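Shown below, as structure tokens, is a lone chain in the form predicted alone; questions about how it binds or moves come after it.
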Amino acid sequence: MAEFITSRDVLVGDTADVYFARTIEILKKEGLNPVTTMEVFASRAGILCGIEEVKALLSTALSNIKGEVWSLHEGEAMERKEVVLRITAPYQSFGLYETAICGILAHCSGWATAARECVEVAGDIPVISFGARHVHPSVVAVMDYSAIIGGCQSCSSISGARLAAIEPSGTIPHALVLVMGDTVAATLAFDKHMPPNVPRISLVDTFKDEAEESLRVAQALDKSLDSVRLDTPRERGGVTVALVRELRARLDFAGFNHVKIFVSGGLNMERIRQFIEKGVPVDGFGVGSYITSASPIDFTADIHEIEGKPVAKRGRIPGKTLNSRLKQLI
């Protein structure tokens, strides 16, 4: 179970739209704090993510206050305009956090939805989140957590794996191969110094032909080698269907049927579909920017009830919106 800790900036309202801070100030001075029901819905269908982080925020905000929170579960599919979250409590206890709640759900659900798209296309082949380098470090953990909620088997970042309570996944970077001057030397050093539970996966596109490097590494490590990773840059044509097929054939012909092939480098849903539809023997996909660059899913929060009286702004229907899928969160 993920353990989210709400930052001080969020709790004191520094991340809120200023008009919410001013609203709370005005209501305090006016002595108004009615029990209010606010509902949150999404602008488009997708995978809901961020509810656990919202729960951590509201658990703190409502710790000594009578209130209720209902929501869909983390990772559930949601429909366009479906109410995914309902909060009923004195307005001053949660009104300041509308910005944060919508923002958390927006980005996390966007990342989780993009991850799910890749995972569904990949089928039984695992997808790993490789996008840590594409986002600000302050959001790496929650981005990778969201990708895992979306269905990724693991992620590359330590903080993301910790948040999701799993082990991080990684291979060997080009940096290690370049510094050591040889792919085999780098892989042998990795094998020598890394714990036995870390899979021996060698990156084989740094110096020589990918098939040649793979065979050299396989001969050096034999049964200890778990996989080889292809990350051929676009300048060299990228990782192609033909390349993976050739590599699989050469490994099998040399007796290294146990060595798996992991593909990364600019992968998206369409490229994964291409590999799958053509029956290419890929054993794992590493997806980065397709997940991290996913558009956030806009969420809207509306007040629907004040002191038991149905209310709504124009264009919306007063009163609580029926959704039997909501479960009590707090």
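Just so you know, these numbers come straight off a predicted model, no measurement behind them. Each residue number is its position in the shown sequence, starting from 1.
We do not show the form predicted together with a further copy of the same chain, though everything after this point is about it.
- None of 179-187, 71-79, 113-121, 219-227 except one has non-hydrogen atoms within 4.5 angstroms of a further copy of the same chain in the predicted complex; the exception is 179-187.
- Contact with a further copy of the same chain in the predicted complex, defined as a heavy atom within 4.5 Å, is made by none of 58, 268 and 328.
- Not displayed here, a further copy of the same chain is approached by residue 18 to within 4.5 Å at the level of heavy atoms in the predicted complex.
- Although the partner is absent here, residue 99 lies within 4.5 Å of a further copy of the same chain in the predicted complex, judged by heavy atoms.
- Among heavy atoms of residue 29, some come within 4.5 Å of a further copy of the same chain in the predicted complex.
- Residue contact with a further copy of the same chain in the predicted complex: residue 274 places no heavy atom within 4.5 Å of it.
- Heavy atoms closer than or equal to 4.5 Å to a further copy of the same chain in the predicted complex belong, across 209-243, to the residues 209, 210, 211, 212, 233, 235, 236, 237, 240, 242, 243, ordered by sequence position.
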